Structures are given as structure tokens and as C-alpha cells.
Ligand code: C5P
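Below sits a lone chain in C-alpha cells, taken as the form predicted alone.
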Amino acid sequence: MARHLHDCVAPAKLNLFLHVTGRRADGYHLLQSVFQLIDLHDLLHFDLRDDGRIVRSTEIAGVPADSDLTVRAADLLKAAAAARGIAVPGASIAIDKRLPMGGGIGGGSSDAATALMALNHLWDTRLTRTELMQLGLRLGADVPFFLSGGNAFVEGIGELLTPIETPASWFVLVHPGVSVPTPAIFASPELTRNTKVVTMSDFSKRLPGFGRNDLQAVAARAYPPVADALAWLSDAGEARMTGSGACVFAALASETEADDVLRELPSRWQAWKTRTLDVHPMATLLQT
């Protein structure tokens, strides 16, 4: 058995559009979206321990280890293994955190998914992709997507995934320096909750710039830096918020255009150029 697995990639995602199409009786919102993997990522490093403990060996400001989705993912997988009569060693988990938190790009969910993939391999627990996705859903609606292995047309509360091919593109992604709390955006009485249901072919036929992000108007009103970033990036192309914010992005025709936009970036913001991924970098660890 291997003792470590280092440089495990946990990529970010963009919501190419995000429609809220209804609300269930339990309060959860019904969504439609396309989740697009991009090449911005965190890096995770795993080392086996002999004492059975799950230990996060790096500090992350504002995220105690016991509430970290990565640690919780490891605990869930360990419990699932125990239920099958498989005793696993512990693990030390180091996270090289590069993705901004509260940005709507799925960093915490992606870290959790990568932990499930890596530890399933290291511990030889042999859960299938479907079983890992079922575990991941207990951690958050975005986690199964990162375990699916590729880009997806997303429905339900985020748990219904259909693989989709998306065009290659470069993006500029801007973080305007605020953290937008997802529950507050979904709770807003101003949120549009009745957008017409679309089909996957509607999206594919009307690229680029299909649809909108229904959460964007609410977040931009409540958090002026989001509105400012959208207005600034709109000079480069159609700017759109991803997830519930705060990050905003625009598709560019080339890497050169993305570089040109970044050179004009106001110093108060963080920004990156990034491009699409077709397949999750760790997908080879998944068992079908």
C-alpha cells in the first residue's frame, strides 16, 4: 500500500449560467446550471498515519479543522469503510489553499471531493464513483459534481448531473474582495425563483452567453464590490457572477486577450486567467 499521495489537484468550477426554477416544500431551491471545470485549483497532500487519526496539518484562517469539509470527507469515508468491515489507517491532510473562499467557485466542495478520491485510493476502500458521490452529497450539493469526473448540466438542488461537452475558452476571473454568504442570497425576497425550465440542447445551441445567473442581481445590490467588478469586467466582455458570488468572470477569445485585461486590473482586487478543463485531473482515481 502506498504511504502518501501528494499534489492532488482540486479544481475550481464556474457556473456558466444559474437559473432558479422553483422551490421545494422543504425550502431547498430548484436549480439549473452548467458547471464548468477550470484549471485554477487547490493542491492537497495526503500521508498515511498509523494511529487511525484524521489530522489536517495546515492552518486555514477562519476554518477550524473539525468543520473543514476535507476532514469531514475523510471521516465519512473512514466510517463507510468501517461499515464494510474495513479498518483503515489514519491520514494527515495538508492543503495548499489557492482558491478564494466564499467566491462561488466551489473550492471547499472540490477539496472534499479530492479527499474522497485520494483516500479511497490510498486506503484501498474500493468505493465506486457512485458510492463516493452519495457520500459527497452528505457534505454539500456541489461535492458530487467534482466526483463525476467532467463538466455537467446540473438540475434538482444540484444533485442531478448529466455529462455535457462545453467549448474550450479562456476566462478572466475576478474576486472583488468580499465574501458573499450563500444562505442570505437564497433567502432574499428579491430573488427570482420562477425562471423557465430549459433543456441541455437549449444551452448547447445558444452559446456563448446563454441564460443568466439569477443570484447575481441580489448579490450585486447587497454587495457593491460585486457590482463594481461586474461593471469593470463588462468592458472586456459579458461579465457574469459565478455561484452565489463573489467571483465574477468573462470569457475571452484568447490567452492574449486575458493577459491584456489583467494588466488593467485595479489593485484592490485579485484576478486570474484560467481556461476550461474537460476532465477532472484526478479522475483516473475513480472506479466506475
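Being a predicted model, the structure only gives us computed values, none of them experimental. Counting begins at 1, following the sequence as shown.
There is another form of this protein, the form predicted together with cytidine-5'-monophosphate, and it is not shown here; the text below is about that form.
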**Message:** Only one of V197, I157, L207, A82 gets a heavy atom within 4.5 Å of cytidine-5'-monophosphate in the model of the complex. Which one?
**Reply:** I157
**Item:** Heavy atom within 4.5 Å of cytidine-5'-monophosphate in the model of the complex - the one residue of C247, L31, A220, L37 that qualifies
**Value:** L31
**Message:** Please pick out the stretch from 90 to 98, 163 to 171, 118 to 126, 136 to 144 that is in contact with cytidine-5'-monophosphate in the model of the complex, where contact means heavy atoms within 4.5 Å.
**Reply:** 136 to 144
**Request:** Flag P189 as yes or no: does it have a non-hydrogen atom within 4.5 angstroms of any non-hydrogen atom of cytidine-5'-monophosphate in the model of the complex?
**Result:** no
**Request:** Indicate whether cytidine-5'-monophosphate has at least one heavy atom within 4.5 Å of a heavy atom of G27 in the model of the complex.
**Result:** yes
**Prompt:** Quick one: is S179 in contact with cytidine-5'-monophosphate in the model of the complex, heavy atoms, 4.5 Å cut-off?
**Reply:** no
